[in-house]
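Same chain, two forms, each on its own as C-alpha cells: structure 1, then structure 2.
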Structure 1
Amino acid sequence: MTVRNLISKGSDRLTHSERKLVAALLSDYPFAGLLSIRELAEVANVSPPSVSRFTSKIGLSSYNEMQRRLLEELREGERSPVELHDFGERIEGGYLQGFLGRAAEKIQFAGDAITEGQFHRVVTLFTDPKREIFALGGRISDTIALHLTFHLKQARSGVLHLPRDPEAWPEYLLRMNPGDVIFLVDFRRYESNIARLAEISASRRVQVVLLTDKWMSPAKRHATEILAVPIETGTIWDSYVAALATVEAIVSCVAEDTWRKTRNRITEWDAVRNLASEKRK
C-alpha cells in the first residue's frame, strides 16, 4: 500500500490541520513528505506535533517510516512515472476519478473534432491587431467566453465582452466594422439571443466564430468558423472542460504568436494594477 493510498484511505476522520497536511503532501507528492517534520509543518502551516500525530493516525509507526516508504516508492516509480499515477485510488472507482477520467477523454475527442487548420485560422483572426474582437456566451457558457476575453485582453487591445443584456448591445453593434470578429459560445439549451446576435453581426460583415456542441447552436447558419466540442458526460449536466481547453489553447497560441507584444502588455497591465491598488491604500 502506497503512502498516497494510506492518506486517502484515512482521509475521513481527519481534523482541520490534518487536512491541511494532506493537501500539502498530495500537492507535491512525494517530495513534501521528504522534508523534515519541521519543514513540512511550516509548509502546511501546522505545528510539528500535528505532523507526528498525523503519521501515526494513518497507520505509520513514525515519520521516519513514511520517509522510508516514500523513497521506496520513488525508487520503484523511476521505472515508470505513469504506473505510479495509475496506482492511486482509481481502482476504487470513486466518483471523482470517474468524472475526471471522462472529462480527460472529452478533451482528447475535442482534438478530433477540430482540425489544426481550423484552429490556426481562428488563431490568425484573433492575432490580427486590425480586427476588433467581441465575445459573448449563453447563460452558463458565458464563463467560457469571459475566459477568452480576460486572457485576450492581456494579449492585445480591442477586445470587448458584450453584456448579457440585449438592451445594451446596440452600442457594441454600432462599433463593429467589417472584418472584426465575434466569438460566440452556445451550448445546448441554445439561446435565441445568441443566434440573433450572430445574424446581426454577420449582416455587418463581421466574422462569426462559434464554439458549440455537436448538435450545433442555430447560430451556426451565420458562422464563419464552427468549433464543435464534445460536452455530454452521461451525468445530469454537460461538461465544459473541452470547451475551456479549446479556448485556452486558442488564447495561448495567440499569445505565443504575439509574444513580444504580449509581454509588454502584461507588464504594463500589472503596473497599472499595482498603481490602482496602491492608491486604494
Structure 2
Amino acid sequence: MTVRNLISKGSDRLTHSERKLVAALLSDYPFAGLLSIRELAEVANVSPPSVSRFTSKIGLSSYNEMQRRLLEELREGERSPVELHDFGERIEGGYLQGFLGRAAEKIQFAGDAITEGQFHRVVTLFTDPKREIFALGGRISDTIALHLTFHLKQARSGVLHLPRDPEAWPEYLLRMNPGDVIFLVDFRRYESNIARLAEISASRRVQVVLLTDKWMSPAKRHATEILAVPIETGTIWDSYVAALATVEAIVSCVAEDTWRKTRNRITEWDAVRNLASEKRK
C-alpha cells in the first residue's frame, strides 16, 4: 500500500493540524515527504512532533519509514522491463490462464480505486458539447488515448488527438479555451513532455484528466481528475488492460448518456464513411 493510500485510509481520524500536513504532503507528493521533519513542519505550519504523531496515526513506525516507502515508490515508478522481469512473480502452470487471471484482477482493482462519483465527473466533462476534448498519451500508452478519441469522435464533435511531436502542439494549445478538457495518459517511466503539456494546458484553464498508475505521473500536479489504475502483473511488461477497460467504460457511458445525439451522429458518420469508400472503388 502506498503512503498516499495510507493517508487516505486514515483521513477520517486526523486533526486539523494533521489535515494541514496532508495538504502539504499531497500538494507535492512524494517529494514533500522527503524533506526533513523540521522542513516539512515549516511548510505545513505545524510542529515537528505533529509530524511524528501523524506518521504513527497512518500506521507507520516512524518518519524514516515513511521516507523509505516514498523512495521505494519513486524507484517503482522508474523500473524498466529488465527490472520488472528480475523482481517479478513468475506465472506457474498454464501461462495464458495465469496471465488472464492477473489481468482480470487488475480490472477489479481499478473498479475499487476509481469511485463512481469520480467516474461520472469525468463522463460529465466529456458529454458537455461546449467543451472540446484533446487527448495524448506516452510512447506506448498513446494507443489508449487514440482508442478514446476514436470512439468519442463517433459520439460527439470537437474531439482531437494531439501529435506526439511537441513542435506540432502550438496549433492545438492555441485552440484550447478555458473549460476545455485534455485527457492525458502516462504510466511509469513517465515522460516529461506529458507533464509539461499538463502544465501549459492548466495555465490556459483547461481541465486536465490524467490516467496514470498508483505511483502517479508528475502531471498529477496540474490534474483536475486523476484516474489511478493498477498496471503491474509481475511479468516483464506492465499491463494496460485495466486502463483500456476504464476508457471503454467512459466512452460507453458518454454514448449512453447522449444516446439520441450519438445515434444520429453514428448514422451520419457511417453514411459519409460508406460514401468515401465507394469513391475509392
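By rigid core we mean the largest C-alpha set that fits within 1.5 Å across both forms. All values derive from a computational prediction rather than experimental measurement. By convention here, residues take numbers in order along the sequence of structure 1, the first being 1.
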property: Correct structure when looking for the form predicted alone; result: 2
property: Post core alignment: V229 C-alpha displaced by 2 Å or more between the two structures; result: no
property: Rigid core superposed: S252 CA moves 2 Å or more between the two structures; result: no
property: Core superposition between the two structures, C-alpha change of A242 at least 2 Å; result: no
property: Angstrom shift of the Cα atom of R69 between the two structures (superposition on rigid core); result: 56.0
